[in-house]
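Shown next as structure tokens: one chain only, the form predicted on its own.
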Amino acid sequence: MPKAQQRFILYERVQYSQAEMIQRSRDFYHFMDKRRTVRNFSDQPVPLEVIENILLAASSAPSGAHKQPWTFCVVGQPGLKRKIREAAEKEEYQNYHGRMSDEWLADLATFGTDWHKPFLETAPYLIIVFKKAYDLVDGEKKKNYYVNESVGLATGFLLAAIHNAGLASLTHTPSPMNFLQEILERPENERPFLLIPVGYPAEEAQVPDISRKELREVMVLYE
């Protein structure tokens, strides 16, 4: 049976002068350029409403056929955070002691990281992003499209929203991540995509003194 035609509404335009566009785009770049990965978090509480608003912003991302193939699991319970840390460190220990190549370990060494992940308990919230390989509707599988691309876009929105709220984050990918599906008892159609601690940076938090690629290195203009 064919689906009903999607209803359309008039697009609400947001329009600026050229001068405003240039200024706003420059201001946003400078704001986002201050976003950094943080590994030292404060345990200062964060209002749950802030997390909810951040996830609403993330969910405004585009997705294949508007399937929105993501689930955001928000973990604030200390016991559950401890379980996640223990399982993550178990996998990370294996990564740092045999799974990772020498080249990979050398690249990580400059940032001073290792298999210890205390931030998984310290940060007030963990947001675990799950991707839905397919939807389950009344027990029937429904196809999703461009799942990795869609969830990647939503995660980008999520990181920008976290920064916009004045909070810090870390994109953590313990591999393999199947333990997250088990600990959080997620259904068979969901797969862990990313683990993101969210909170205020610790007072003594430091970040590497790095630079980003220049525009000429990332942009190719055809005009």
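Fair warning: this is a prediction, and the values are worked out from it, not measured in the lab. Numbers for residues come from their place in the sequence shown, where the first is 1.
The following text describes the form predicted in complex with a small molecule, which does not appear among the structures shown.
The partner is not drawn, yet in the predicted complex one stretch among 148-156, 100-108, 77-85, 127-135 has residues with heavy atoms inside 4.5 Å of the small molecule: 100-108.
Of the heavy atoms in residue 96, some are within 4.5 Å of the small molecule in the predicted complex. Within 4.5 Å of some heavy atom of the small molecule in the predicted complex lies at least one heavy atom of residue 173.
Under a 4.5 angstroms non-hydrogen atom cutoff, the small molecule in the predicted complex has residue 92 among its neighbouring residues.
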